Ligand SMILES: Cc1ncc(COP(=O)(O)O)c(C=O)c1O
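Just one chain follows, in the form predicted on its own, and it is written as structure tokens.
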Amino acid sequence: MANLVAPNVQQQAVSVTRKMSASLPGLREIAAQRGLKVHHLGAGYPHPEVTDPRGFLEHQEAYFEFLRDREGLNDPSVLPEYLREAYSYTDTLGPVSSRQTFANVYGKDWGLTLNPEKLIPTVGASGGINLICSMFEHPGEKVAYITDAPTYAGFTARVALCQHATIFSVEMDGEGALPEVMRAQIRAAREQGYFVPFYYTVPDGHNPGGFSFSQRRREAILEVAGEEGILILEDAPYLYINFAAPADRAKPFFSMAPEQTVHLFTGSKIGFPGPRVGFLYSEAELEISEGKKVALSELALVESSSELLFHSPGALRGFEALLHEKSENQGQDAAETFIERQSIWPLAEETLVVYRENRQILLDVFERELGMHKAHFSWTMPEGGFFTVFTFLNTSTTEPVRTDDAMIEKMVMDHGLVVIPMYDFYPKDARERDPGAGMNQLRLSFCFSESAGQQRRDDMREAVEAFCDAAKSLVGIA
């Protein structure tokens, strides 16, 4: 067999979440052999209880029937327009009606008039990350991305695919990324010859940070980005998974400065995960050769069409159905009528019921079991999203807890607990500055279990209690 040589190609490190996913079947088998029940506190997946497709499929079918009736077709041999469009090639932008509906509903939620022609369909928010990175990497210039320390592992994995791209990371406190450190990192990257296009973050329900940026910090970050001339790439998967009171919710970046933001939406966390519907939206303009300015959305559309020419119109139409609700009954014999939603929040509230309950169980058990031991432990207060970061403060006289791979495997085999260490969420430069970054922390998720209803609540409580027992054992608390 011939030996193929791939010049300048390096094997990339596998993320800790991927390693855990790969090793989990074997670890689960060992735990089962030891008579242990496996507790899920690692996976950041949407809960099956809120993603049951049966109600959605029924709703979608009724909406499609409404579209057929609206066309006024009586001949069953004639193919309805919605059906033809859902199973045909479509423009890279996807069906006009789906984009227009989303622009209307999403725009109302955030006080914006969105231009549907600037909505670029993506394969979830991950597809948006890949799209915007590819757009800036194609010229071949050295490029540096600014992001948080820690940050979403999917972003660091994507950056690692490009040999002339790197990350300059910014430490965070309890309000978000530190603005002056961000400014310093932007300038340091430029001094080393890098082009700096954007700062990437997940400001609402930060993954993996387990908190949301304050309004004051967002404004400070926006000011730095504006003064330094970079964009903000706002990844917003948990924008509607928000546990704060409406009056206390911070504004997303794109609602404050759409001309300076690239906003990534995904329907995956509000009950529509499988079809991977997402959108990239920006009103920014970029200066290209000879001082000419071009809309970022135009460049993104060209980039998108070179990678994924035809998005699934059926998936986009299905999402369009989700953005419509049945109107008030027009009479017993009247056909069902659908109207455009005024907001996505009522739709999201159906999923929030589960996540809000799980979150409260986690926080209540932590306070009950560990509240008197806060010299040893701390945890973030999740105002949105799926996660909290749990920290071993290592103040006891016992050997410091080190959340490395061996400890993670031991948690599964000895306690049946699936947890994710934080160290791999720190970009390379952050670990060079602090080799111990994340080595005393775990990312715990409260979103996923394999049960529903009261059994889900019982399983979540049992999982958190098992974790508290394990944590106390690790620091020598009887």
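So that there is no doubt, residue numbering starts at 1 and follows the sequence shown. Only a predicted model underlies this, so the values are computations on that prediction, with no experimental measurement involved.
The same protein also exists as the form predicted together with the named molecule; that form is not shown, yet it is the one meant from here on.
Trainee: Even though the named molecule is not shown here, does Pro237 get within 4.5 Å of it in the predicted complex, heavy atoms only?
Mentor: Close contact exists here: in the predicted complex, Pro237 approaches the named molecule to within 4.5 Å, heavy atoms only.
Trainee: Is Arg317 close enough to touch the named molecule in the predicted complex, meaning at least one heavy atom pair within 4.5 Å?
Mentor: No.
Trainee: Hey, in the predicted complex, is Phe211 touching the named molecule, heavy atoms inside 4.5 Å?
Mentor: Although the named molecule is absent here, Phe211 would stay clear of it in the predicted complex, with no heavy atoms inside 4.5 Å.
Trainee: Give a yes or no for Gln185: in the predicted complex, does one of its heavy atoms lie within 4.5 Å of a heavy atom belonging to the named molecule?
Mentor: Looking in the predicted complex, residue contacts with the named molecule do not include Gln185, since no heavy atom lies within 4.5 Å.
Trainee: Please tell me which of Phe102, Tyr355, Tyr200, Phe253 lies within 4.5 Å of the named molecule in the predicted complex, judged by heavy atoms.
Mentor: Only one option qualifies, and that one is Tyr200.
Trainee: Out of Ser268, Asn242, Thr90, Gln260, which one falls within 4.5 Å of the named molecule in the predicted complex, going by heavy atoms?
Mentor: For this set of options, the contacting one is Ser268.
Trainee: 363 to 371, 260 to 268, 242 to 250, 345 to 353: which one contacts the named molecule in the predicted complex at 4.5 Å, heavy atom to heavy atom?
Mentor: Stretch with heavy atoms near the partner: 260 to 268.
Trainee: Can you name the residues of 112 to 141 that have a non-hydrogen atom within 4.5 angstroms of the named molecule in the predicted complex?
Mentor: Heavy-atom contacts to the named molecule in the predicted complex: Val123, Gly124, Ala125, Ser126.
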